[in-house]
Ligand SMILES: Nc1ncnc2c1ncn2[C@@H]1O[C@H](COP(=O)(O)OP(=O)(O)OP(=O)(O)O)[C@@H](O)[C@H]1O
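Taking the form predicted alone, here's one chain by itself in structure tokens.
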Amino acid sequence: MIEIKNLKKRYGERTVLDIPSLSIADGETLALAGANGSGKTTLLKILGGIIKTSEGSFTSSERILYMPQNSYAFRGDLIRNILIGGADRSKALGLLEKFELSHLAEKKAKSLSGGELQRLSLCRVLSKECNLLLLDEPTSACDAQGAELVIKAIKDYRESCGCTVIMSTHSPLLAVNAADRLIILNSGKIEADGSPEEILANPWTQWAKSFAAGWKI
């Protein structure tokens, strides 16, 4: 269980995150949505221990994996990029197959397209097990086919290791098809919290209603 109490993050006089209370159950998949600058990435980085809070407290997990929005590659081919994460060759090849990258296994990773690189980054992350998986816009560079592969991989991974998944997204398909719960943030505050279907059908506030209107599938 992740428990957040009176959490605030400030940069100078600007408050970018203000969450009085939030609980996230073990094994839950939570999607964070909102406009750019709403606090999604900030919350992920706080939970991942990358940045500190200005106020408040939270409990997190022992084994945390974090995938940033900006995907990157190490030198060498795709297989080497996954082996760096600690996987053996058999698991690396299995992950490449899952993400339909097997035909590129020995290609230089730095030559991949944006969507391919994002899928490779997720391969590297999912090569290890964790209690808490944090994903920042995991489908932002993917086309429709790539996004479907990512959605299936996230669901399979959670079912396999029983971890909690928290991901930021601008994609209603990702939220609806991969998440149990959707939180809409606005200027660092929670505007809506519930199942994706419930929130998209009946947002809490006028701002959330306006946001959800652009999210119709």
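From 1 onward, residues are counted along the sequence shown. Owing to the predicted nature of the structure, the values given are computational and were not obtained by experimental measurement.
Quick note: we don't show the form predicted in complex with the ligand, though the next part is all about it.
When contacts are judged by a 4.5 Å heavy atom cut-off, Thr42 counts as touching the ligand in the predicted complex.
A residue is said to contact a partner when one of its heavy atoms sits within 4.5 Å of a partner heavy atom; Thr164 fails this definition for the ligand in the predicted complex, lying far away. The ligand in the predicted complex is not approached by Glu116, whose heavy atoms all lie more than 4.5 angstroms from it. The ligand in the predicted complex comes within 4.5 Å of a heavy atom belonging to Ser38.
Annotation: in the predicted complex, residues Asp77, Lys110 and Lys152 none come within 4.5 Å of the ligand through any heavy atom.
Residues placing heavy atoms within 4.5 Å of the ligand in the predicted complex fall in a single listed stretch, namely 28-36, out of 153-161, 60-68, 171-179, 28-36. Taking a 4.5 Å heavy atom cutoff to the ligand in the predicted complex, the contacting residues in 1-17 are Tyr11, Arg14, Val16.
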